[in-house]
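Same chain, two forms, each on its own as structure tokens: structure 1, then structure 2.
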Structure 1
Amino acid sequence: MEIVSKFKNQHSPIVDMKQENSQHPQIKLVFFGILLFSFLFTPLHAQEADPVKGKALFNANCAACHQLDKKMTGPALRYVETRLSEDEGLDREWLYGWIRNSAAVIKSGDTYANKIYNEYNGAAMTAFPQLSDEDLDNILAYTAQDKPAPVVAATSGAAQVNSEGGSGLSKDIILGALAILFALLALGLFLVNKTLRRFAAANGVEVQEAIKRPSLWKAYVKNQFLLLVTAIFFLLSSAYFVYGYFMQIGIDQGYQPIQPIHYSHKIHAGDNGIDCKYCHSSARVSKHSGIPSLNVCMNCHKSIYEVAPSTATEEYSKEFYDAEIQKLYDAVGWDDEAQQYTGKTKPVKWVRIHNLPDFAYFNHSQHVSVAGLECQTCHGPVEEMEIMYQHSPLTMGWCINCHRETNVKVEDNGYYEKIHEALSKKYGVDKLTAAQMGGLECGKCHY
């Protein structure tokens, strides 16, 4: 009894808190505020996620297989969290687990994980265990953004109106005004002449006609020396122009054909910095540079189905470039919606631009791999060409001048070690041109 009484007499903290809370109602409000804050904290934190950082993370980790509004190797991801929550009852924690280790979620027997895995033909998603909760929140914030409205290129549209209507109309107006002005001037002169003659006739003034002078043509025909000089002049001029005409046969400098699929070297080699030898890989090891297979194009264009709006110009709109990509898909038989090949292909009849005569031998690998020449040396600034054209004349004289003027890069080039040593002693020079190494021998190019 004594122990029980002592225990009763001791102050219990829980009893004291209850008694204190009953005596002070404001404490209840404090506890309620704490609970309310803890309840709202998570949504507030989610709202603080940064979609700008999320976009950078998305492009670095997800963009190879996913787009926001288009199905690719994986599904479209715009509003992915909302869709999974409403349709499948899955929360953000499920997304955390799926992104960090999708294989483990599939292996656990998760219904939706296996469904999406089978829907995409068993394509395994890359695991991203390195992404923190904050990173994933930022990515989800980026995917939760509304799709921006299409931007109308006002400047290009105005330029198009000016080029089609405004500019042409102003030129027509100017030319028409000048024609009317000259017509009025001629009419004025005619009327002035007629009026002066009328006044002269009324006043009895006789108008004298122009005095006829001896014919220059008759004087020229009678002068045999002038006839001889003129004949020699015309013969020499004719020979010069005929020679120039025949020397231009087979020279297609400036040739710029329209290809069946528009390919912009400016975008690919210039803006995107793609190495020429990525597409024309045979230039390193073969006589010909080769036309790249369309499968090389599809290495990138499986994922790049449209161009960036900033790529469009006044002459070539975004819709034009997107339509050309669709031509590529039709040629290789690629179904962009299903993300698979259909097997229905259409050969592309490319138009050859650079074409040497059959009796002239040229080896790309000798110039690209051995001599170390850049593609621009012969083909010009391809990184600036919207439509590819023949930059150089590719004549015999042009090649010979290059061989005479170009020093061969022999440093750290084992191909030339012994040759360079022997020829340096022969010519007494440190640098050797292609001509000094036999680049002017007829058999080098003609066989």
Structure 2
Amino acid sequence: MEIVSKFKNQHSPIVDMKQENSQHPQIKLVFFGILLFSFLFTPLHAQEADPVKGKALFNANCAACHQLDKKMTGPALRYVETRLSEDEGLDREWLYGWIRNSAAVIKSGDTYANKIYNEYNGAAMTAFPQLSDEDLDNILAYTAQDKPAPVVAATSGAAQVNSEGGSGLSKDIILGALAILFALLALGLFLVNKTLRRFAAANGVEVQEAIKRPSLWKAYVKNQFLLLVTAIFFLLSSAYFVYGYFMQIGIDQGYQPIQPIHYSHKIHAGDNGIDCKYCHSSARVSKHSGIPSLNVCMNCHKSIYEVAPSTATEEYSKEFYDAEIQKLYDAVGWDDEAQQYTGKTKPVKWVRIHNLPDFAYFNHSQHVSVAGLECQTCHGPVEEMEIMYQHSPLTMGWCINCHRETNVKVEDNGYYEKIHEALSKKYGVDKLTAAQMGGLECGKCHY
């Protein structure tokens, strides 16, 4: 206990000295050890600030605008207390006042308060009168922690490359080995044959030529019935394939173009459970299921400037995903360092995947809002697609089929009450399909 309190008393000077002496690695190491030691013992003291609790409070209250090492809406906060006391001569009391009611501090004419307020374009910091002294001490203890050394991510990255390259390489090796093996076998056969013939010639054995028979080919050509059957077979099978080829013209099922930004629906809609309509909001109200303008991306990516290490997969590394976020910043003109828009934008040329011919009309809002269909009914398991592709054929037969099979949701919909009553009487059914409501009328989609 004595040791602890001794260290506790030394605590803050150590932090200061450490900063000043950072150019002496040995001294730094010693001090760091002591510092670490003191941190290890801190939980024993009830009145000592607890960085763990501070982290929870920080994440709940501050993290919307502040990060430890990166400028966000507000400044980076690591070592904020040391920095303030050293550079500005402001003590903890000042911080208490600022956090609880920054507007009052600014009004009082405090120089530094006004400076920081103007530096961040007059973004007013929310007042936190509900945080007690203890809460604030905990938060400050959290901000005073040293940055954790980067976890050795390089090794896992290397391992990843190896395993990736390994599978591709081994496949190639196996194929190559097989090809060489076959070549050797063929060569062997040829050599054996040649040698045997040479032996035969040397030993005076005459190789018996096969007895002359009319060749199979000639017999076949002479048999007109067989010829006819073959001709018919070839005609039919080629007709089958030609028909198949023509029928798939204009159908882009499985179309999976490379997009300018590698946007993963799997991460956004699948893992994070963001509703489709969050980004494609105009699907609710218009013909088009709109492609989100980049400000919609920035709703989240203003704060999310890198992916979590757990998001990276074997196929796509964290660096890859971070570079894709950077592409977004470049396109929307967001300077992540300065946390402001530069005004220099460039359009992202997304490649359109689902494309109905111009002579067919389709309206998203009718299907999404009125019919209440899930997006996945037509677009497939988008939440599992790392790269978006066209799931459905989007042919007329496919549309018609769904209209024949799907019952119209008429419950709680006054608009359909009368027509439903009249039509269900006419067809003698309880539930009406979209087709029975007129969903097969030509003019519904072609006009």
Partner chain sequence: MISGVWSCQDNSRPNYQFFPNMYEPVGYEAYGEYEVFPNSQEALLPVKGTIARGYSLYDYDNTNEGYDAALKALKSPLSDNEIDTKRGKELYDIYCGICHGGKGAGQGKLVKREKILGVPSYADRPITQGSIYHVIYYGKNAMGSYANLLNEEERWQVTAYVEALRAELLK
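Everything quoted here is computed from the prediction, not taken from an experiment. One-based numbering along structure 1's sequence throughout. Between two forms, the rigid core is defined as the largest C-alpha subset superposing within 1.5 Å.
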Which block is the form predicted alone? Structure 1
Core-aligned C-alpha movement of Asn59 between structure 1 and structure 2 reaching 2 Å: yes
- Item | Post core alignment: Gln224 C-alpha displaced by 2 Å or more between structure 1 and structure 2 | no
Comparing between structure 1 and structure 2 on the rigid core: C-alpha of Ala141 shifted by 2 Å or more?
yes
Between-form comparison on the rigid core puts the Cα shift of Asn193 between structure 1 and structure 2, in Å, at 6.0
